[in-house]
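Just one chain is shown here, as structure tokens, and it is the form predicted on its own.
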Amino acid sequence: MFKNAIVRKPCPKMLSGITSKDFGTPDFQLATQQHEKYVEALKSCGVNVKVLDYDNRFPDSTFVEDTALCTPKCAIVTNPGASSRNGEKEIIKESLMEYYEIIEEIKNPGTLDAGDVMMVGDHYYIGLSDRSNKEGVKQLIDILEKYGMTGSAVEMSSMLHLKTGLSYLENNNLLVCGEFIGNSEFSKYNTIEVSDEESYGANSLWINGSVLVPAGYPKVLKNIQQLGYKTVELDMSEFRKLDGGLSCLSLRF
């Protein structure tokens, strides 16, 4: 169960954030409204939310998940793989110190975005992506093992982040799409396949028994509801324009 979450408000400079898509320029005012509803949804799931002010130095800094991994034993400040985002690691560390006595760090030449990390109990699946390299993954596994947890690398070929195409919903249920469908690494889970047409819905977020689901993906929503979860739909249109999803917008612990 999650007790706390940290989020950061989107900044006006988000209009120049990193994107690989062609969905248009984000509407800052609408993004702000969507972010407020996201915070309300987290609170409705019983989570205490710390809302950090926006930081215009970093256009993508609302996607706070990439900057740290919060485990039950320690927080791990990452070393983001995109140069324009790397400085975000310094500004998140101060906030984490309010909650954690132990803070570890991924160091050069290792790079790691925590959007590439999926927690399943005490095990962490870590995607080898354009943002997270082998050295970063090795360092993370070493840190996890130091505190009695485990990690394993997952080869990737096309997804931006591991959790772009995977979402663990607890109770052995796993949303999968794209290159992860049929991957033997996940054969022990009850996998719910997400079609290419609804691939954005694969990044749904389990919070204390409920699942936050991006609005506009009816098949994904139905499949999650049929598993017995309470669902909360959230419009994520402006964050999708920057390759961001539901999990990207918070650190949860």
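None of the values given here were measured: they were computed from a predicted structure. Throughout, we count residues from 1 along the sequence that is shown.
If you look for the form predicted in complex with citrulline, you will not find it shown, but the lines that follow are about it.
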(request) May I ask whether 115, 160 and 248 each come within 4.5 Å of citrulline in the model of the complex, counting any non-hydrogen atom? (result) yes
(message) Just checking whether residue 242 would be counted as a contact of citrulline in the model of the complex - the rule being heavy atoms within 4.5 angstroms.
(response) yes
(message) Taking citrulline as it sits in the model of the complex, is residue 18 near enough to touch it, meaning that at least one heavy atom pair lies within 4.5 angstroms?
(response) yes
(request) May I ask you to check whether residue 89 falls inside a 4.5 Å heavy atom distance of citrulline in the model of the complex? (result) no
(request) Spot the stretch among 57-65, 182-190, 214-222, 42-50 with residues whose non-hydrogen atoms come within 4.5 Å of citrulline in the model of the complex. (result) 57-65
(request) Check each residue of 121-152 against citrulline in the model of the complex and list those with a heavy atom within 4.5 Å, in sequence order. (result) 131
